[in-house]
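Okay, so here's just one chain, in structure tokens, the form predicted alone.
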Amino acid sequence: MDELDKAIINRLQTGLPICPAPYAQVAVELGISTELLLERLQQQLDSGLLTRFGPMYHAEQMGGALSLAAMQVPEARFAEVTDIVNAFVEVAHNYAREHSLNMWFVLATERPEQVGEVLAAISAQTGLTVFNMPKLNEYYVGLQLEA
């Protein structure tokens, strides 16, 4: 990663400006062309340097819901259960943990009542108990990693 890639990553972590041409504005801030900014961003995604670039929406402010869930998945079934869980479009991300509850995932639903529906469907398809851990309070950390 060169200095320009670092500058792009650092700048984009603070968000895009709300304007008709946000990438053009960021490119001006970085002193490069819009085409070069988009090319470098695509290269970072293609190489795996970045695994995802996109907006983060506040589901609850849009009428939806978010919830953290966990499961105790037998190691022999971990890949199978991962495929089942990840097939649900409501699963925002899913990861393994070294804990008796070894699979954790976040649900983002369009309506609050869908959280229970999706968790019940996952439980039915996997045959495993899904533990729902809904958010009680929200704290904004503002994490930004310096590239």
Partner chain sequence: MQLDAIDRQIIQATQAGLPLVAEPYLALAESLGLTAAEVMQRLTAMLDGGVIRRIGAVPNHYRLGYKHNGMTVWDVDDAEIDRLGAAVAALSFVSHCYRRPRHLPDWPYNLFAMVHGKTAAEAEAQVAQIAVLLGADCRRHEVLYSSRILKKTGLRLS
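Remember, predicted model here, so these are calculated numbers, not experimental data. Positions refer to the first chain, counted from 1. Between two forms, the rigid core is defined as the largest C-alpha subset superposing within 1.5 Å.
There is another form of the same protein, the form predicted in complex with its partner chain; it is not shown, and what comes next is about it.
Among heavy atoms of E117, none comes within 4.5 Å of its partner chain in the predicted complex.
Shown alone here, E146 lies within 4.5 Å of its partner chain in the predicted complex, counting heavy atoms only. Within this chain, G54 lines the site of its partner chain in the predicted complex, having a heavy atom no more than 4.5 Å away. In the predicted complex, L101 approaches its partner chain with a heavy atom inside 4.5 Å.
For the residues L36, V28, L49, A121, the 4.5 Å heavy atom test against its partner chain in the predicted complex is passed only by L49. Scanning 1-17 for heavy atoms within 4.5 Å of its partner chain in the predicted complex gives M1, I9, L12, Q13, T14, G15, L16, P17 in sequence order. After superposing the rigid core, the Cα of F53 is displaced by 2 Å or more between the shown form and the other one. Relative to the superposed core, I18 undergoes a C-alpha shift of no less than 2 Å between the shown form and the other one.
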